[in-house]
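Below you'll find only one chain, the form predicted alone, shown as structure tokens.
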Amino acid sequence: MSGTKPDILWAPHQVDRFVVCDSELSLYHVESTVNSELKAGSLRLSEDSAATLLSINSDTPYMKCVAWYLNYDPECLLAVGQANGRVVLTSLGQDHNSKFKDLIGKEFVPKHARQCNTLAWNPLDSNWLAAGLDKHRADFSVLIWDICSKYTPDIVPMEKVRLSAGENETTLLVTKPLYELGQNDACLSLCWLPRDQKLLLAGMHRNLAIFDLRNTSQKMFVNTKAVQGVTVDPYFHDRVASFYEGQVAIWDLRKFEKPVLTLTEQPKPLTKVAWCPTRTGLLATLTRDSNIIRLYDMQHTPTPIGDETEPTIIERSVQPCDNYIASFAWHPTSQNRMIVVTPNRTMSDFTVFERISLAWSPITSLMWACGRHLYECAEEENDNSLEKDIATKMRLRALSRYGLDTEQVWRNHILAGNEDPQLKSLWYTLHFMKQYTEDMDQKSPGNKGSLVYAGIKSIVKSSLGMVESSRHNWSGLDKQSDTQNLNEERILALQLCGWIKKGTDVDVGPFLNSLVQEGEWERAAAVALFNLDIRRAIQILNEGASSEKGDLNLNVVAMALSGYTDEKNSLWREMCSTLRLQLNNPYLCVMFAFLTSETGSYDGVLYENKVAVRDRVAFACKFLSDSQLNRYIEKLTNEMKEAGNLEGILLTGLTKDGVDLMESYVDRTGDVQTASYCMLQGSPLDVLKDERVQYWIENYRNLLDAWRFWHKRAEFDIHRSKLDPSSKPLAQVFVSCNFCGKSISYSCSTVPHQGRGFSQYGVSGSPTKSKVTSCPGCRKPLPRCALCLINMGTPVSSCPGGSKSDEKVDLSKDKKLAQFNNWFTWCHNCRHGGHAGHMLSWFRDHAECPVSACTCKCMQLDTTGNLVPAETVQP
């Protein structure tokens, strides 16, 4: 390498040593400097490492190529190819092993002097060394030497004995190679193929040639200009890289006719290409007069039929240093680590950092990969300080069958965890809507039921101008207040709010009792007060103060209520108006706001946002006139729609306004689960056909599939088809006859007079298990099962080899439409198949198709074949 740029080599088995090859060989030792200072005489390689010079060997001038011995012993044996074609074995250290001491200084001399271009040690037989030489007339250019050969000629021509170390020095010379290949040609690069000891790949003058040493008279070759720098991928022994000028060719030795891939041509000639020994499919290239190393990451993606597509290439560039790079070398064991050397012998230790790829798993775990490491970041199960992600909530709710209770609809909020007051309000609203719709349909069939699902906003509009105000007496006081007469629509609104039950009775007593049982003392007292029963309100507050979980301050509030007076200028009214805002509970606050308000002006109650929407709406229905009520409902509806508050479904119903409100809710929370179940509950078809509703439903179905909740998704589809008959999908897959092409199941349904039902084709649980083995349309026989060799249509339990236990299991499934064991199943690749039960049983113990001479790995072609439903997995 005299007169050329330096090269660099890592020791194959000593991970802390490397050699720089120029006019001489220099051996360096790499040390970590993380916790220590730089030693005197050391060279800084990086922030964490430094190199110390151990030895120099200048006994081999005119170096053209160097190859490090691959075996462990001796450690520092190198082969040096010289300009005159000789190959010299030299060492960079004192080896006291007498067994290998004789190898040092040994020379391998070709017949005719010409330049040695490349050297390669055999990875399987460490004593074999291949040398590639320039062309010389009819001589061979590829010589394979055995370094342990004892052959020494008696007479050596004088021109071959001239040595650089001195004319008087005697050296062991070997002139008889083990093999001679490549006659009348030049060899520019060499590499052994790791899959076989006697296969050698050589880059000749105009072709790439594979030599088999078992038959040296024949070779396999392909004509190409890309013959330089041939190197084999250490992880994929059939993949080889070579280059010419600025272009890299990737070859597959199984299809050697042409390159499988040609990398982007560089403007300057390439000087080196090398596969990374620690990373699959990573190729590094270096161009002349450049400080950039280009990396090509080759990723293969298998197709459904097992073949390989053209590799996907990810290209990137790294800059290890600022100066031009003369050469580089991958570290043999440290991942993605390389060392580079510049023309002035400045060295740099560099690690190529992998791209970090992130991925969310369907169960909200975050995973990322960097090199060989895979990291996972998951939620801590015992950490209750953070609110759970909505995906986690929906997954847990799906496991508890949330949304599927269509009888006691209100129970769905309990299945959701009973933690969200908005969900509680939503499901109680839907429960009341369903209850009163059924009641109205029984009394007077018509469109009244649809009015219930249209919400209180539509109900109120239908009763404009029909209500008059009147004065009602307070219970417990000698006093009257103005309230509105309750017509049928306002009573329905109060029923939807939950204040009163079915019928025309407007008694709120049952509702108050339920609130007291749930411990909502303040709310119960407020509702009693709004119904002009101040004595009942005081009684409830006293009960709350005396209960175990009650607040003793409720006695004080009850005392304040008992002093109520309707005199406008009284001290009581003045003090209550001032101090009510200091009360923490919103229901206590609105109680005094109601008592101190002017007739017809109840803003202190109606616009207290912390009070439940259903209570404020019920209050408005009792005390506001038609015009006031309509304006208030309209304003409140708009607020609910903008905020995406599910309590607003009480107002909008399952109408277009309800879809707008739900859209705001989904945008805010991402809860497509609740949106899907809610819209399916009682929406008219025009609402269900809304693109947004369909989008939520399909996204929820996809989410269940991603979680592998396939049974839950099937339950959801069944639930959806019951509530929305138009969503029931048509049959997408059917078994058809090979001869007439008709559907076997369809043919059965069209000929009932012949007594053939679908059960006769092995897909029902009928104990009779009739045997029909031909197409009902053309009478041609059905295919045979590859295992039992009986025509399809024969039930599994009646096949030879079917055990009694199998038959008992089959007969116990009468209620099912079809037994999976009897289904027709076949491979889409080789077209072989049979009964599903037989196929599953076969592939539990075998990988290949059961048909003789068929090597198809049927089950491995199905990427979901090994997946199992995750419904039973504990969250």
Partner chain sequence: MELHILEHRVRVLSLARPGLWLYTHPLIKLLFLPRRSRCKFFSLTETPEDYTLMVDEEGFKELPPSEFLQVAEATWLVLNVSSHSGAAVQAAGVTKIARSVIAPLAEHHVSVLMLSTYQTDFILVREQDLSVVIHTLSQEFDIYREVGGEPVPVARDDSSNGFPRSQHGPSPTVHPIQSPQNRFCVLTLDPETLPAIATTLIDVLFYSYSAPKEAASGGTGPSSITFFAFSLIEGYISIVMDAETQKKFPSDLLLTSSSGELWRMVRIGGQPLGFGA
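Positions refer to the first chain, counted from 1. Remember, it's a predicted structure, so these values are computed and weren't measured experimentally.
Below, we refer to the form predicted in complex with its partner chain, which is not included among the displayed structures.
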**Complete:** its partner chain in the model of the complex has a heavy atom of only one listed residue within 4.5 Å, and of 134, 349, 107, 297 that residue is 134
**Contact residue in the model of the complex, from 487, 694, 184, 669 (heavy atom within 4.5 Å of its partner chain)** = 184
**Message:** Based on heavy atom distances of 4.5 Å or less, which listed stretch (637 to 645, 522 to 530, 313 to 321, 204 to 212) is in contact with its partner chain in the model of the complex?
**Reply:** 204 to 212
**Asked** Is the gap between residue 344 and its partner chain in the model of the complex 4.5 Å or less for some heavy atom pair?
**Response** no
**Asked** Might residue 224 be said to contact its partner chain in the model of the complex, defining contact as any heavy atom within 4.5 Å?
**Response** yes
**Prompt:** Does at least one non-hydrogen atom of residue 218 fall within 4.5 angstroms of its partner chain in the model of the complex?
**Reply:** yes
**Request:** Consider residue 713 of the chain shown here, and say whether it contacts its partner chain in the model of the complex, taking contact as heavy atoms within 4.5 Å.
**Result:** no
**Residues in 513 to 532 with any heavy atom within 4.5 Å of its partner chain in the model of the complex** = none
